[in-house]
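Listed next as structure tokens is one chain, alone, in the form predicted on its own.
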Amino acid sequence: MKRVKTILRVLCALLLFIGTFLLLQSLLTPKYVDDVVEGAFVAEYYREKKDHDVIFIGDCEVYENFSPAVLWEEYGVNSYIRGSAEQYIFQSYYLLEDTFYYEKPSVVVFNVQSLQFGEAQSEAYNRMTLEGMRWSPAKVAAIRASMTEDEHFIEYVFPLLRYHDRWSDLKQTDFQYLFHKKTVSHNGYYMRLDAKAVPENLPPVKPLGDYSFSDRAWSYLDRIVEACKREGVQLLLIKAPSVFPHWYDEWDEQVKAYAEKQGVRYINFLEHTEEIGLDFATDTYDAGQHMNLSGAEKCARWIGRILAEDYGVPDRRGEEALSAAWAGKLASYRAEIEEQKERYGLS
């Protein structure tokens, strides 16, 4: 009996330690609901019903430049953006594999901007993508592919080891969202209504010594193409219409040649700005790096026609359950439009 009591005490102490550890870890891990909301986007996908016909994958050039709400309202296209800040191409590949575990969309749209990076540039950006992924072989591989020299795998397994000194940075929201998460995107889309025009006199473009993408970047693009072919999913490569950072003609020619060789379509939105109706005086909120709401809705409207007519993505507005779900999403979408109008003093 004494031995049983001892074992029970040890087990209780162990459970108390584990519970305290997990509670502190949840408290100290960033919630991404204040200024840097981009770190919440990857995790939000898992709270969705996995029945999307179109999945966008890539960096800020997808999650700020395309509105899934417009794709639904005007084309009945059920889409989601699996984007994150400075998402590197190897992370995009593993997010794609992660997506295929849950669903098989008709089309995957991948933005090629990240081809310029063969290696991760920042732990902070790594964490905004990787921490939100659910544990799976894809997440393990994504972490190993992404870690910078000073990072350690164990700190992704137990984020408390990385954030143990965040006490002085805690905010009310760290406690408010300790046990539940706030949704900060609209099917992965990050909304901004304010506007800041592209300057009339842009600085000269800095030439590069070498315009080649790294072998590692190309190899992961190969893997994206192969994964889509394996799953029977159509792939559309795009370059979103961002003026900055500069997209070099030499880069564009390489992607065009690659797409032709692979038999996939590539669209550079910068070549279609007039057709899309983009006005860089009013459709960007940060001088051309990202679209604001009006720009993102124009881009969605334009690509929606291509998805419907050229890729056969169905109009699902006649489905009762899906339409009801989107009614709630559109209500949230419009509510944020009104909130941002008030915040930015817009009519």
Partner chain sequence: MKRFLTALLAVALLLGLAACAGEVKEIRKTAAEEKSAPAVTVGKEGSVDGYVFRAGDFSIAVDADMAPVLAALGEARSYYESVSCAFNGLDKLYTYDHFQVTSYPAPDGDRVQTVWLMDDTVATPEGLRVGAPASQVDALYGSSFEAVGAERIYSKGGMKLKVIVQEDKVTSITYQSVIADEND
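Residue numbers count along the first chain shown, from 1. This one's a predicted model, so the numbers in the text were calculated from it and none came from an experiment.
Another form exists, predicted together with its partner chain; not displayed. Remarks below refer to it.
Within 4.5 Å of its partner chain in the predicted bound form, a heavy atom is found for every one of K196, V205 and A287. Only one of D165, E271, E260, E226 lies close to its partner chain in the predicted bound form, with a heavy atom inside 4.5 Å, and it is D165. Among the residues Y75, W247, Y266, Y125, the one placing a heavy atom within 4.5 Å of its partner chain in the predicted bound form is Y125.
Although the partner is absent here, A331 is not a contact residue: none of its heavy atoms lies within 4.5 angstroms of its partner chain in the predicted bound form. At least one heavy atom of D35 is located within 4.5 Å of its partner chain in the predicted bound form. Taking non-hydrogen atoms only, F117 approaches its partner chain to within 4.5 angstroms in the predicted bound form. Interface membership of L170, defined by any non-hydrogen atom within 4.5 Å of its partner chain in the predicted bound form, is ruled out. Between 273-281, 208-216, 95-103, 181-189, the stretch whose residues reach within 4.5 angstroms of its partner chain in the predicted bound form through a non-hydrogen atom is 208-216.
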